[in-house]
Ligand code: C2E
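Given next, in structure tokens, is a single chain: the form predicted alone.
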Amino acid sequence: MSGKDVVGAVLKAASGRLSGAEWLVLLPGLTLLAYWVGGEPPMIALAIGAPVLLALSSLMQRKPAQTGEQPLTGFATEPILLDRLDRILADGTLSGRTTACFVVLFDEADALLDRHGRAARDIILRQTAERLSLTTREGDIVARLQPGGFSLVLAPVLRFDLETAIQLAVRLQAAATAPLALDGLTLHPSVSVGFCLAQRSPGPTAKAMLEAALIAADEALRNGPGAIRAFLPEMTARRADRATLRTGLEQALDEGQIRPWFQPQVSTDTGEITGCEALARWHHPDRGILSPTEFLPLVEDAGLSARLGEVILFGALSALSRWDKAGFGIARVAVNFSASELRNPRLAEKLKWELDRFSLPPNRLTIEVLETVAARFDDDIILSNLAQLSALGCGIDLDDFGTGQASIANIRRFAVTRIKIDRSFVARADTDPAQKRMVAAILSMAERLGLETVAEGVETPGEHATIAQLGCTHAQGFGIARPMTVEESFGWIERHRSGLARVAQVGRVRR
């Protein structure tokens, strides 16, 4: 046997049986054996080659096994979770034990990514996964869902009812929403949770149960932020219904099924119409009039926000022109703009072109910005666009004021000219002293800042009178007029002005 054969035989014999440490212990003896059998050449080859082979073998052994774990979080992936859940469900039919599947999704996940970037999002996901795992028992499994979010499957238990599931959902939510430190910032994430109990699963498989939990989580997101929902069979039908609506959205926009309705705003001093807000409505051919809450989230999901914005803006400016031709002279129309629309770098140029197209001055158009946008988006493009629109002469309304924690600094930075007091503060302001004090405080702040105010959701004469007495300059709500088509608005405007004229006439007679 040659020296080469000796070295090969020794390595082959030991490679599958000995660890690296054991090899090093035996190496002197093996070297002498190689010298005794083959002389000096195999001894030198073994002495030099063995450590090199050991190092290579060690590196190969440390190569991560394909276990389905994610490099980002180290937690199981969806296939691993499904396999485990299938085994739990199969065992449960024999043992009488049960389980549950939870899905945790970040509220406004896209906004999180836009604000902090992909690398920061991965850090947030990793820390959240670690926190969720601390709320679990031995045998529970936490898995990462794509593109973001987590699922938790419980180890088999004898009893797990709805009340217990809600308690666990609250614990998961508390763990996931604890403040996070990121690059010197403190983040306060918000999550919604959906879950499905094994006994309420639409099917006996893990896939059916996870899908049910995802449907419940999607329902929670739509009712959030921070909502919790248990799976119910009717949720599946609602989801299918939304999918059908989403499919028909683009056609609806092209065919004019979606168009603006208008809700008047009046002066609390004179009662005169001071403007109208344009509100999207869908004239569905089969289902009738659909409210924004039914289709606006679908518009965002389908990436059609810009297209919807174009339709509403065109309809609003067209209405202004028609009112002018009828001699009504409505001062302005307000149009809501989403965050994605406000990020368009050419927004100011686009709006100027549209105004010129209708021969309207910029002060006839008011841009409505949700307070949540002002509070959560520190976006240079949005700030620049609003500054340009303000300089152009457009009004800037801060909508739903009091609900989004916008700071006074943001009011200044967003060039706000008017704030809209949310309905939640206006309601019962005439009968609830706490509500009245809150409205008074907002109005006092607005006066100090030189801002006009609009009270939203005014529904009763008492509320109307109270906000007028407190100094609010404009009012809007069902107590004044419901949203209406532009065709219906002509009759309403004439009736409203006739009513004001009669009141004025009565006043003159009494004097």
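Here the structure is a predicted model, which is why all the values come from computation and not from measurement. From 1 onward, residues are counted along the sequence shown.
Below, we refer to the form predicted in complex with this ligand, which is not included among the displayed structures.
- Heavy atoms of every residue among I312, E368 and F478 are located within 4.5 Å of this ligand in the predicted complex.
- Contact annotation for F337: at least one heavy atom lies within 4.5 Å of this ligand in the predicted complex.
- Within 4.5 Å of some heavy atom of this ligand in the predicted complex lies at least one heavy atom of G457.
- This ligand is not shown here, but in the predicted complex it comes within 4.5 Å of a heavy atom of S291.
- Heavy atoms of E341 reach within 4.5 Å of this ligand in the predicted complex, making it an interface residue.
- Stretch-level contact check against this ligand in the predicted complex with heavy atoms at 4.5 Å: of 126-134, 387-395, 198-206, 279-287, the positive one is 279-287.
- Checked against this ligand in the predicted complex, the residues Q257, T77, Q173, Q263 give one hit for a heavy atom within 4.5 Å, which is Q263.
- Comment: this ligand is not present in this chain, but in the predicted complex one of A220, A252, L308, I419 has a heavy atom within 4.5 Å of it, namely L308.
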